[in-house]
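Just so you know, structure 1 and structure 2 below are the same protein chain in two forms, each on its own as structure tokens.
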Structure 1
């Protein structure tokens, strides 16, 4: 059977530097996109050899004085280092048969059975070992993993809870425990486990960064049970992790972006928290390597800004129109964009006092929108020649409105629409006012084509 060393093209006993060089050389040749199966095999070999070299903490066992036990222990360790699962399992079984009371061989046999997919036998041996030493956290931990791999979710959850009480806190265990909490509807406990894991000061490397992503995704799978204070901590850690591990997290941009968008769409927020969301998306955009990802991030930032301003009860509704027109809209037609801007400006003129009184909030908390409207804000605040400004905008609006559906101004102020009747639209037009043969479709009305979208996002664009 191929060993982990052979899989990387190395001789047994190669140094960590040699292992790392071989790994990066092979993954360039067998990338996740071109050869996902071979990539997984290469990554498994590298992680196993790295884990063994780092000397993961395991239980300490009393030395068996029998010379034969020492020979078996040496053989078992050699096969485990080589990654030869079958030889590892068979040697463990032989050692366990000869020394059934040796806790070390019993423990290693469980790991060997799990590695070969013999989960039923692994559970049986793990239950027996945990029964002999119920206070040994490592034995209870193995029982939890064996039950999980066998599909015994309830048993695994109970074993996880016990191992946690006994002091198990390693990353693989904590991730599994959180999943079992989710499966057994112990959501608050599951969130607490992941928050504890997130707040521990681990130094993540490229190979382990997927575990960090699992923590964030796991939290979002239980987002309805996350408290406001926990949201703040998650945002702080996510921002810091993107700064610290951005180069490693580049391949997980879409997962993190989707997670963040979902997180902020499920709750109301203001001020500093809104800026934190924006900072997260800006950092994701910096490390993103794909055009499609950048487009998604732009849409995500526009989406959370629109949600924020729509839920801000301190602001007039006209600012929702403004955000939709200046930031959120992806309208490509120049005429429609011009009409939308005039529409918003007329609404702002009609609500001048409110708009001016709320300008500081826009300036302070919505700088992206403020940059677009600051010149118009200045004219409103100065209050000079506003009658002439309104008349000029109103004239253009009346000329365009019959041919472009969805204006807010006439919808909010129907008396202005009545006042516009009889106005000559163009010098070349008839002296009579424009009359529709059917009811005008509003831009926010359902599209008559039956697509289920708003008219402005569907057939209005085609028109």
Structure 2
């Protein structure tokens, strides 16, 4: 049978440039206009050889001198190209019966069996073949695949390791190997393999891009299990690939975002490290084309921000509540939102000094949060009428609390709760009696808001 190289008039293993040159030279002689038949054959050879260069490699076998073997080989190849799995398998079985010592047929038979889902038989044949030639990387690789498909995780892992030693580096193999590492809890090795794949300068095309996504998914899910974090390298690669393959990766924004978020939440970082994650999300948002995707990315970024602020040891817990209330919460009920804001403000009031001293960190590192609370910060800093402010907030809080409950303020300061509700004497009584929490203001007393007017002319009316 004529090989693709021969069809282009080339020696086996010719370089990509030689292949390209030969193709363009030949189609001049056999143009689509003048010789469409020959053109198609040349085109086929050209496309196949280019695909081979992209990693779809195949083993070379010695030519069997028996003419019957040649006929079989040709027929098998035809069925395989046609995608007729059953015929492919049957022909391989027959050929293997007739030529049990021909490695080519044994090898093809394993592939055919795998294609038809007959994994048990495939494993048997692969084991036999690998035993005969334990140094042949193709045979060991086939054994690894067969075991993997059969579900023999340990066996497959061993075969993978062996095939890797023998020099197998193609993408499908590496991906499978990393999966086996994962199931065998060999995370360091798994990450190492995927990193190796990532560092090789492949050029990904649209068909292959899902493989690239698989690499990232694998890396990000295993990253948390390895000793020394590799998040930085992974994110750097991801950023570069998003830049380069944005058009292709647009379809996979959700997968990548989910995994990035997963990787982020598995470890504790310092502040600026979260920023790297945010950068990746912003880049993902740029290439994203769907509204649902963008919404998800916003949520994911809010989540990362929340993790950052929760893990920030310099800050009081209050800021976690603030972040939750102002940024993270998707609460739609107006009353509940109002309640949360009051809740947070009361908490901040209670820790006024801390809050004021940490305000600068918020302004510098959490600008989006600062934007929301800066007015309140100002009041805290100025320190005017804080008592009144607290009272009015507290009053509203007490009114709303029984209906909503779950406020941080009462949780954190149980004494305030007691002050508001009084000691519960009759625990069976779900009603509570309202106890005035502050001194009663007389109608003619000066107004506590500090306006200097009498109370009845000022805040009492507004009530």
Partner chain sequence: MGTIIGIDLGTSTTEAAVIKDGKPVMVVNPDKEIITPSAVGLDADENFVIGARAKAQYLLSPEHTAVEIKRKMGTDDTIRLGKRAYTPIALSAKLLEYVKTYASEYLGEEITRAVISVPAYFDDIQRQATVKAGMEAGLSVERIINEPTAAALSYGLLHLEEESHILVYDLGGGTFDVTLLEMFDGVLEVKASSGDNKLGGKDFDEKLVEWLNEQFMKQHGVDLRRDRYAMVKLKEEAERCKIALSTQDSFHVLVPMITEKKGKPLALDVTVTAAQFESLVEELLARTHRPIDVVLADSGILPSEIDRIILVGGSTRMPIVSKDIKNYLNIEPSKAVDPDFAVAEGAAIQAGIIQGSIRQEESILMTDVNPYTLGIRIMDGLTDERMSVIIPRNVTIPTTRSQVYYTCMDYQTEAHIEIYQGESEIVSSNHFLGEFIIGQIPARKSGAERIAVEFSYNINGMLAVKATVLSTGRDASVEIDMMQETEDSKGRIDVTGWKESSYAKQFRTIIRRVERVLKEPMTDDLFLRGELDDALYDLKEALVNEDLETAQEAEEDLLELLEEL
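Positions refer to the first chain, counted from 1. Throughout, rigid core stands for the largest set of C-alpha atoms superposing within 1.5 Å between the two forms. This one's a predicted model, so the numbers in the text were calculated from it and none came from an experiment.
Taken from the form predicted on its own, structure 1 is distinct in origin from structure 2.
Remark: with the core as the superposition reference, the CA shift of residue 78 between structure 1 and structure 2 stays below 2 Å. Superposed on the core, the two forms barely differ at residue 202: its CA moves less than 2 Å between structure 1 and structure 2. Once the cores line up, the CA of residue 345 ends up 2 angstroms or more apart between structure 1 and structure 2. In the core-superposed comparison between structure 1 and structure 2, the CA atom of residue 225 travels 3.7 Å.
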